[in-house]
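The data below hold one chain only, encoded as structure tokens and taken in the form predicted on its own.
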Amino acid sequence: MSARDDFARALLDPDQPCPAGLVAWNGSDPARRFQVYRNNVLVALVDALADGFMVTRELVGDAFFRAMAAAHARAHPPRSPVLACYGADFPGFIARFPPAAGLPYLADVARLEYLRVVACHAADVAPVSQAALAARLADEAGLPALGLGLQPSLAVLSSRFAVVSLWAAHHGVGDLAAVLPEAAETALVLRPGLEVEVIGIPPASGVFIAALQSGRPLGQAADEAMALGVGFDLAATLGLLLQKSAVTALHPSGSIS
């Protein structure tokens, strides 16, 4: 293990001693200065998570959240210097964090919040024109094989819990007291303009959009959605994608590269 690895390991583990070989320019105690640096790094990581997972924090309170975030930061230090995108492992950590077991929906709320972070920083891609899409949709014979490229910001989260309602209520939309956390909801996350949107959609629409995103052609994606047996409105779902400028490419053969 290199000196750099020793330094990184000691930086996030308070039980580790100050790395050997450190000196202070002014002759002060390196161990004390390292402890200050260690605390500052941990606070910065916890603050980054607090900024990205605001609803998760509100659901458990600041003290609980910061303790949980600190435990996560020590176990999963950032792999990139861009702290704005830190937290990809946080939802999974929450799901395995014993003190959070009493809030089984908390991990999915965190998953939704991280999808918003990803959407916020996703690349901008121009949507296809409404005329081009309408022309392709009018070709009934070629419709089943049509592939649709979707915005990089787009993601679907199918949850056993009311993640959309919980998130919305914490942003002043709806009454938090009226939300039933155990009610399953599907979220569509995307950034059609400058703002990231979270939209509740039917489960079948979520299956359809996720299938398109995985590269499956329109016909196969529709079949997967209808297989749920709960009703699927193809026109309404395509209309939503068009309204939100989510379709960025048309592939007549169904092949998406």
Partner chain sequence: MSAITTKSISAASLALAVGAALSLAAAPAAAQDRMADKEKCFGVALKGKNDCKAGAGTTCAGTSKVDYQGNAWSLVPKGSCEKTASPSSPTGHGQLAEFKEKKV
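Positions refer to the first chain, counted from 1. Please read all numbers here as calculations on a predicted model, not as lab measurements.
The protein also exists as the form predicted in complex with its partner chain; that form is not presented, and the subsequent description refers to it.
- Not displayed here, its partner chain is kept clear of Val189 by more than 4.5 Å at the level of heavy atoms in the predicted complex.
- At a distance threshold of 4.5 angstroms between non-hydrogen atoms, Arg216 is out of contact with its partner chain in the predicted complex.
- Taking the partner from elsewhere, Ala95 is found to have every heavy atom lying beyond 4.5 Å of its partner chain in the predicted complex.
- Contact between Val247 and its partner chain in the predicted complex is not found at the 4.5 Å heavy atom cutoff.
- When you look in the predicted complex, the only residue of Ala88, Ala134, Val125, Ala122 with a non-hydrogen atom within 4.5 Å of its partner chain is Ala134.
- This chain lacks the partner; the member of Pro152, Gly174, Pro77, Pro99 within 4.5 angstroms of its partner chain in the predicted complex by a non-hydrogen atom is Pro99.
- Although its partner chain is not shown here, in the predicted complex the stretch 89 to 120 places heavy atoms of Phe97, Pro99, Gly102, Leu103, Pro104, Tyr105, Arg116, Val117, Cys120 within 4.5 Å of it, in sequence order.
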